[in-house]
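Take a look at this single chain, the form predicted alone, given in structure tokens.
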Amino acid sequence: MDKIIQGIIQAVQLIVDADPVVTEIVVLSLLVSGTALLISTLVGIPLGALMGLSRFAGRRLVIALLYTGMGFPPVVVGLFVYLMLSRSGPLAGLNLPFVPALFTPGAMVIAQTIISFPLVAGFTMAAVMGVDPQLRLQIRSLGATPLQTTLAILSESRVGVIVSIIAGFGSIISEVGAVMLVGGNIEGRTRVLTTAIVLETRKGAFDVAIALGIILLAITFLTNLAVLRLQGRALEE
């Protein structure tokens, strides 16, 4: 018990002093997860809106794939990305400039994007489908174009859309399996909050591990707090 209390005290001291190692890990974590979330948002919201507002052949199959992706084990995603980017993988011989190498932040961004994208798209689709269908008919009757109609529906379901983005972020900021596989947990290059916690715990550096754990919990708490505030505003409206 004394070791735990001492570890917490040292962890707080590391956070207060803005320890360079801890700061570097936090910044890289937010950079990788933020980039992955941005890509997921730019692709997932339009796709979710399309799935919620359109009817086309193969729509049920796409929805089934989205739902499957929402529950996909992150470590399997990491394995898939690892095999695709490895030297013997299908992308190795193409020499494409936008395809990153393994054990780089770019590879971690790809893995986290695959994890968060189905959540953003799936929750956006659910939010759009929850809007009263009569509203869509009213907007169209006023002469709105398909794009204007879509934007109006997204605006009406904005709380659900924002929640989908926050859910996507929460799924990747706390993920460890995929980033460990494709990033390699290299100090100063690919070490993020979750992988650093695992490593520091194995080394017995509980003060650093606890400090990183507190920061990760704080980020998760702020994410959940944002969701609750948005839900509260929706109920007030």
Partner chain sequence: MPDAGSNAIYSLRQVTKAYNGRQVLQVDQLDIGRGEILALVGPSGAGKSTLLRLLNFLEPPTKGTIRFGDAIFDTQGDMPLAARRRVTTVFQRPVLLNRSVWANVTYGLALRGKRDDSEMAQQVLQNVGLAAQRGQRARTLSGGEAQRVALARAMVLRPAVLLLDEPTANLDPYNVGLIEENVVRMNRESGTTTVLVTHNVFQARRLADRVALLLEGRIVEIGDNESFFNTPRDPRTSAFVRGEMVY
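Numbering follows the first chain given and starts at 1. What you see is a predicted model; the values in this text were computed from it and never measured.
This next part talks about the form predicted in complex with the partner chain, which is not shown.
Peer 1: Which single stretch, out of 154-162, 67-75, 80-88, 114-122, brings residue heavy atoms within 4.5 Å of the partner chain in the predicted complex?
Peer 2: Going by heavy atoms within 4.5 Å, the stretch is 154-162.
Peer 1: Is it the case that A144, even though its partner is missing from this view, gets within 4.5 Å of the partner chain in the predicted complex, heavy atoms only?
Peer 2: Looking in the predicted complex, residue contacts with the partner chain include A144, since a heavy atom lies within 4.5 Å.
Peer 1: Should I139 be counted as a contact of the partner chain in the predicted complex, where contact means heavy atoms within 4.5 Å?
Peer 2: Yes, contact at 4.5 Å.
Peer 1: Answer for L135 alone: is it within 4.5 Å of the partner chain in the predicted complex, judged on heavy atom distances?
Peer 2: Yes, L135 is a contact residue.
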